[in-house]
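Structure 1 and structure 2, given next as structure tokens, are two forms of the same protein chain, each shown alone.
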Structure 1
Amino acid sequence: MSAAVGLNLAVAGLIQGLLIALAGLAVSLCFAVARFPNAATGDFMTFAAYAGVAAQAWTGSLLAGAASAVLLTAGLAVASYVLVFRNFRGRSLVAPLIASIGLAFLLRSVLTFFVGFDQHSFHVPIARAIVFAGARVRPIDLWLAGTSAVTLLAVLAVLFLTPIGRRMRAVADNPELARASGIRARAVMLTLWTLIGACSAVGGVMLGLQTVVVPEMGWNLLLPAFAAAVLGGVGNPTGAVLAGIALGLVQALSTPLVGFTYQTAISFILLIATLVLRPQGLLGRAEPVR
């Protein structure tokens, strides 16, 4: 493999890794605070992509379409908490996990009912690729990488640098002690689901700009997202981000060996290996079962 090909694969892997990191961060946030893995994350992304395409067609602006997708998906995530997941508070993770799977199928069925299985796409201005050290990078890819990186940093900043973030981490570390300390669970959970919706929306628009928009697009990214969340340490948002970027790079750089068809298998292999060899993840810590 030549240096130019390797650099092209690394650039593609970095962009793919940032996309996986967004989905993995959404999964990790939900598990850390709400205490269950949200299987509807992928379909939140699909909803965002369709919302962005529709908003762009209505406004004629890609930026307005993306912003509308973020707002609508954040609203959908908050509504899913208020109408569905809030009812499972205090129960084992199995019940909300099954509910999230049902919600995922419901969202996909509703989208399919209204838009069918036809492929849709964003309208992206044609621009000449930028050549750097033999690697060809599209300007839209630079915008995608920058936007996703800013989103990831913004969410982590909310978690670690703001009062509501400290309250969220307190709930994640010890829910009973947090409630005894007077932390309002409602404000924490509404903020949590807003962040989950925002991460999913940026990831969905990013995925839609890279490929075509179809009902199964988000579901196909769910396994890499779960792999990133587990690999980085279940409930560790920073670890999920780093693991997602690493996973994207590994998938892209392994393309000459396994081809595009079997890239997802790498996520599955890493997920199984992590669960067997280090269940707490590479950056997580072992905790006793309560």
Structure 2
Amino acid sequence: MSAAVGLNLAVAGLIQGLLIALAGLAVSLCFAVARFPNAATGDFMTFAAYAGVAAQAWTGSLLAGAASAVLLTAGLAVASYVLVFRNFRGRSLVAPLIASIGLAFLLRSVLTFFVGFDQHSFHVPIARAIVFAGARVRPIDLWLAGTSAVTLLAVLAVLFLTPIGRRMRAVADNPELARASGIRARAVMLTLWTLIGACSAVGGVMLGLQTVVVPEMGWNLLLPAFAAAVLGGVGNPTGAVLAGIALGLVQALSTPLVGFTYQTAISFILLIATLVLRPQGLLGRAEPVR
């Protein structure tokens, strides 16, 4: 494997990793505060991509498309909290997990009922890659990297710099204590689900820009996203992002050794190995975010 080949594999891995990271971020937020793995995250992303494509077709602007996708998906996430997940407080995590799988199926089938199974795509100029020190980098890669960084910073800013973020972390640490000290769960949860929806939307639009928009696009990214959230340490958003990027890199860089069919499996093997050796995740602490 020459250096240039390795470098390009790393670039490809980084891009895949960023997409996993965005999905992992949304999963991790839900894991931290609402305390269950949300299997509907992938279909939130799919919904966002379709919403973005539709809005772009209607307004003619990619930015407007992406913005509407974020707004609509945040609304969808909040609605799913109000209608479904709110009612599981105090029950074992199996119930919301199963319900989130149901929600994932429901969302996808409502989508396909109205728009069918055909492939859609965003309208973006397709440009040749720029060769930079032997590595091919596409303009869209830079966009993706920038957007991911901004999204992560925004989420961290909300969590750590705002009063609602502080309350959110308090709920994540100890829901009973938080309730006892007078934190009203309602506002915290509404903010949380807005964040989850927005992160999923950014992930979905980015995924749609990188690939094509099909009904199963988000669902297919769910398991890697779970892996990232768990590897990053449950309830550690920064950890989920870093773990997502690491998973992408490992997948791409392992291909010269294991071939292309096993590359996804590699990240799952890594997941199982990590859980066995270090159940709190790579970057996790014994307790969620504090």
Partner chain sequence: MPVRKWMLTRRVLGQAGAATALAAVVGRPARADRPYRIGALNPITGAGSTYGSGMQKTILFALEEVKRAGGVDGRPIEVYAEDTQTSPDAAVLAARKLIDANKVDAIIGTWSSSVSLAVLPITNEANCLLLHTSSAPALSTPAQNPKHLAWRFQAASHQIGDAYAAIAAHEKASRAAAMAFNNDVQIASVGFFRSAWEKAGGKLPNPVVYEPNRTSYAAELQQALSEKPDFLVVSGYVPDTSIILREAYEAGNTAKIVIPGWAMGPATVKALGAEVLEGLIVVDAVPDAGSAAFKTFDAAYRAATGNPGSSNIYAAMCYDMVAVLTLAMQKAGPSADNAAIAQVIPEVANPPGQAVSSFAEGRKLLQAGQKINYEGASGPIDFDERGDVTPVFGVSVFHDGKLEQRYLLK
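A quick note: this is a predicted structure, and the numbers were derived from the prediction, not measured. For numbering, take structure 1's sequence and count from 1. Here, rigid core means the biggest group of C-alpha atoms that superpose within 1.5 Å across both forms.
The second of the two standalone chains is derived from the form predicted in complex with its partner chain. Once both forms are fitted on their rigid core, the CA atom of residue 253 lies 2 Å or more apart between structures 1 and 2.
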